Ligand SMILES: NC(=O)c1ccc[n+]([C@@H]2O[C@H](COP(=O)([O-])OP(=O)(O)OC[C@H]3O[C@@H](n4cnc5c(N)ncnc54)[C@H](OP(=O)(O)O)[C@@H]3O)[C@@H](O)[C@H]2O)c1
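Below sits a lone chain in structure tokens, taken as the form predicted on its own.
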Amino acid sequence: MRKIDVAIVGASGLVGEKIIQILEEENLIENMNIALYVSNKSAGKEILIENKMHRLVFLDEGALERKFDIVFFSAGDEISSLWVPRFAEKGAFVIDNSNAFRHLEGVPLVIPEINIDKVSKNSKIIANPNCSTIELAIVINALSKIYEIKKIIVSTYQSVSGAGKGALSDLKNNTKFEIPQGICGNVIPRIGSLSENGFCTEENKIMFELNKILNKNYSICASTARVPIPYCHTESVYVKLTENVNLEDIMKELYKENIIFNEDIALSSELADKNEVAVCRLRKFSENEIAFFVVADNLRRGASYNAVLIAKHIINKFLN
């Protein structure tokens, strides 16, 4: 079997680094020729992958001269908007972690456990969902297999790693470079800018993406906040169903879907650097209303691991 030619754009960022780690863990690197693209700031540095040094290269026109099978993008909306279509036109399957293409008709927004069937040999641009959406969608999808859902209200408590390395530095050093309000000692009840509908960027992402992924038209209200912890997002979720609910049935379905269930609490520190999604404090508000918490690692389960699962499917189905 020939080696797969793979590029990672944004290889020095938190998600890019995690993609490399997971490719190693999944024993995929050994069958890949890897190219690592970064900004000018990181270009020229070297990193060790599978006992071999790899140079970080500035992303320029020269990258398009190589024929890649798969390209991971985790470099932000602006870079993705400019470069993703160009790599796709060259024939690569491009897995993009930004918000640039998630709304586009014909671009699949994919969580492999839910809708990998949306990826075909012609799907040259595949959008990786928002980190908060991924963990919520995995649980809502499981719930929808046994009950009809009427309404969803979600409030998120999102770690600073979701805002990048600069935000982690702000948390560590009590600075305000990436998060101007200052994250130390604060819970910031807005992530991104406000839109005309009164919701912020992150809230609108969740509300749109959840319905696109699940192919539903659920009534969803999202509220998002940044909290002063390094890793993992926690979400408080309320769901109204159309029928009376049995908590035991929900627990059984979560188990079938490989979702961790904890009757008490699931801690961010315990889920950090894990691939699993956890549900805890499942309770009934009325006969057809439930509430629970969801916890997952935003960098791994909410971004990198999802992207690698998409790549594995592409390799197995279209590149072998």
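Residue numbers here begin at 1 and follow the sequence given. Note that the structure is predicted; figures quoted are calculated from it, not measured.
This protein has a second form, the form predicted in complex with the named molecule, left out of what is shown; the following refers to that one.
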Original post:
Only one of 138-146, 188-196, 91-99, 112-120 gets a heavy atom within 4.5 Å of the named molecule in the predicted complex; which is it?
Top reply: 91-99
**OP:** Find the only residue in Asn31, Asn275, Ser42, Asn288 having a heavy atom within 4.5 Å of the named molecule in the predicted complex.
**Re:** Ser42
Original post:
Tell me, which of Ile213, Ala75, Ile206, Ala127 has a heavy atom within 4.5 angstroms of the named molecule in the predicted complex?
Top reply: Ala75
Original post:
in the predicted complex, do Val154, Ala266 and Arg283 all put a heavy atom within 4.5 Å of the named molecule?
Top reply: no
Original post:
Taking heavy atoms and a 4.5 Å cut-off, does Asn306 contact the named molecule in the predicted complex?
Top reply: no
**OP:** Verify the contact flag for Leu23: yes if a non-hydrogen atom of it lies within 4.5 Å of a non-hydrogen atom of the named molecule in the predicted complex, no if not.
**Re:** no
Original post:
Quick one: is Leu14 in contact with the named molecule in the predicted complex, heavy atoms, 4.5 Å cut-off?
Top reply: yes
Original post:
in the predicted complex, does Val9 have a heavy atom within 4.5 Å of the named molecule?
Top reply: yes
**OP:** Taking only heavy atoms into account, state which residues of 121-147 are within 4.5 Å of the named molecule in the predicted complex, ordered by sequence.
**Re:** Cys131
